[in-house]
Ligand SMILES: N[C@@H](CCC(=O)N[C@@H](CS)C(=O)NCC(=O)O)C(=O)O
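Below, in structure tokens: the form predicted alone, a single chain.
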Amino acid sequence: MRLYFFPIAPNPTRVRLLLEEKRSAGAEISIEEVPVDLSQGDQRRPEHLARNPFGSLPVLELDDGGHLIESEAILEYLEDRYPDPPLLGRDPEDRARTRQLEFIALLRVLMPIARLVHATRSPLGRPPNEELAKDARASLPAGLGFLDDALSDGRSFVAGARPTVADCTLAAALQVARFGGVEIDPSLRHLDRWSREFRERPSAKTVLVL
């Protein structure tokens, strides 16, 4: 299999962190990682559009030559194919709680940060959009505050005692914030503690570049 990615892009980062968390716990996973340089427009080249007509990343090329082009589908496929250790939950209740936290990190943190970055200093050259930036800034505190509150009980990871896909998504979001100069409220001390600790993990040091 091959995983096509760009280092800073948050959705490829989520997938790569999940893979490294599984590898660090002993899972044997052989997937070739192939960079696609978004800054040079490589996502618009015919060879990439043949893999994914939308031109987005990540793309997972399967052994049969087919492609998965949506990060949520890729995450679930990798969880099913390499179930140990489980990063999407151990039973229906755990899975639902984990996915809820992951979707909050995705929809209420990662996506507003990505919109804000693209509206202010887009790495893809999009024009500034102050109205979009204002809306993204206004929506960000709710998600960050919710996750800070969840971490206030001292848990090591977003969903509890073990790393999950929720940690992968939140770490990817905060890396984009660092890249784009998005300030995270320093009063969110539980979130700050989690971020510092998670970035010291071997998985994070392998994947995160900021």
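The first residue of the shown sequence is 1; numbering continues from there. Model, not experiment: these values are computed from the prediction.
There is also a form predicted in complex with the ligand; it is not shown, and the following applies to it.
*Asks:* Could you tell me which stretch in 26 to 34, 154 to 162, 178 to 186, 53 to 61 has residues with non-hydrogen atoms within 4.5 Å of the ligand in the predicted bound form?
*Replies:* Only one stretch passes the 4.5 Å heavy-atom test: 53 to 61.
*Asks:* From the list 81, 134, 126, 90, which entry has a heavy atom within 4.5 Å of the ligand in the predicted bound form?
*Replies:* Of the listed residues, the single hit is 126.
*Asks:* Heavy atom to heavy atom, is residue 71 within 4.5 Å of the ligand in the predicted bound form?
*Replies:* Within the cut-off, so yes.
*Asks:* Using the partner position in the predicted bound form, report whether residue 150 sits within 4.5 Å of the ligand, counting heavy atoms only.
*Replies:* No - in the predicted bound form, heavy atoms of residue 150 and the ligand never come within 4.5 Å of each other.
*Asks:* Is there a heavy atom of residue 44 lying 4.5 Å or less from a heavy atom of the ligand in the predicted bound form?
*Replies:* Looking in the predicted bound form, residue contacts with the ligand include residue 44, since a heavy atom lies within 4.5 Å.
*Asks:* Is residue 191 near the ligand? Define near as a heavy atom within 4.5 Å, in the predicted bound form.
*Replies:* Residue 191 lies outside the contact set for the ligand.
*Asks:* Under the 4.5 Å heavy atom criterion, name the residues of 1 to 22 that approach the ligand in the predicted bound form, in sequence order.
*Replies:* In sequence order, 9, 10, 11, 12, 14 come within 4.5 Å of the partner.
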